[in-house]
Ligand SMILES: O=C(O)C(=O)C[C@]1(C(=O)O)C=C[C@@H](O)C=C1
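Starting off, we have a lone chain in the form predicted on its own, written out as structure tokens.
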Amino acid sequence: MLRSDDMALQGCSNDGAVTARAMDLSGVLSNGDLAYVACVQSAEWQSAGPTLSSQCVRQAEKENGMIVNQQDEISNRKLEKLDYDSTFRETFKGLVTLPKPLSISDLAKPPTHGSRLKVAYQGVPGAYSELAATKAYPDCEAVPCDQFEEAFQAVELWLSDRAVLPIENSLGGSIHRNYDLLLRHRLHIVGEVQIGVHHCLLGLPGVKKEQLKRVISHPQALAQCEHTLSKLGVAREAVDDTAGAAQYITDNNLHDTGAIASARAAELYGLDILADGIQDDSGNVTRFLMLAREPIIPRTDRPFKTSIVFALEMEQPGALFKALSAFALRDINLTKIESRPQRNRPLRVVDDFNHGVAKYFAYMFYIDFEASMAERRAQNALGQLQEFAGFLRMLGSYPMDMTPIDPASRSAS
């Protein structure tokens, strides 16, 4: 066993002495050893040279009362019954902090990445999807994504806590891409939010709308401003999102190009509003879905909506009618029906004995209905639907967005 002064003088000059000392322990620790460890824990450890060594020696003297030689220690201070494990843990508990193992309760809590929820959306700052994300989750950290696919993956890979993505527009109809992604990915719908869309025609400062030769924006935005664009007689070019169109004009200093985007996008990217409220219909509303890794628990204390997707077991006359009658018989209102061809089996071959072989599209049916899965009538309806469905998947049962669309917020968006 080394003397305490040997340890003090040899160890205090080496940052790795604590680990080396722990590796070389032969099962017995002396008070001098403990004094050395206490010295390492002290603030003076950051100092250097003879001063630190002398401080360590004084600390050892304080613990032992005096410095004794090695043979005196062996004969006078035997620690034959010392519990090495407990002494080691007690000695080093202030030096090493191990991470706390995760419990099942920790895993059940939604990750917040600090104090703010991270919400993924498609587009760049200034997009309508960003506005929807902040309406759905106030004070969240909105995370822009290049494409819808990246927003889904951001949640699945724990890079974001939620995603807010458009699913349909009152003028442009359904966003089919997101219907397909709902089936491809395993995220759950946990809510919905509706945003009033107020389009503006944007251009570089000093540019007049009569000088524009083309207008760029998201395909939905271009379709929603058909009348205005026709009057201007400009070419139209589709890009990934509305705010991205505004950013593109600024980055490339395009004086002959305008963008359809929000007033917030004009402010963010230094553009002028050449025309305000250019959408064909003032009642232009986009519905967004709120997505998460885990579903929420359905309740009956407020209006709920449930979204499912299914495919019929077999094509026969009245098969779809019989399937949907499961909801009508229970007074459940269907608010949305969307059909999409099956990707893995787009065509269904039917043997027509009179004219050979006919080919029909095989469809997946997306349905929204006004009922919570906590209600017995909804459970019974799905039970009956399963008799006709070869495939059935629950996408989510979530609270309906009952908040009114504020016209004032549209002009500020």
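Being a predicted model, the structure only gives us computed values, none of them experimental. Each residue number is its position in the shown sequence, starting from 1.
Another form, the form predicted together with the named molecule, is not on view; read the next lines as being about it.
When you look in the predicted complex, the only residue of 119, 202, 291, 197 with a non-hydrogen atom within 4.5 Å of the named molecule is 197.
Distance criterion of 4.5 Å from any heavy atom to the named molecule in the predicted complex singles out 220 from the list 220, 279, 257, 247. Remark: of stretches 317-325, 165-173, 293-301, 334-342, the one touching the named molecule in the predicted complex is 165-173 (heavy atom within 4.5 Å). None of the heavy atoms of residue 137 is located within 4.5 Å of the named molecule in the predicted complex. Residue contact with the named molecule in the predicted complex: residue 160 places no heavy atom within 4.5 Å of it.
Proximity of residue 152 to the named molecule in the predicted complex falls outside the 4.5 Å heavy atom cutoff.
Although the partner is absent here, residue 148 is a contact residue: one of its heavy atoms lies within 4.5 angstroms of the named molecule in the predicted complex. Annotation for 124-140: interface residues with the named molecule in the predicted complex are 127, 128, 129 [heavy atom within 4.5 Å].
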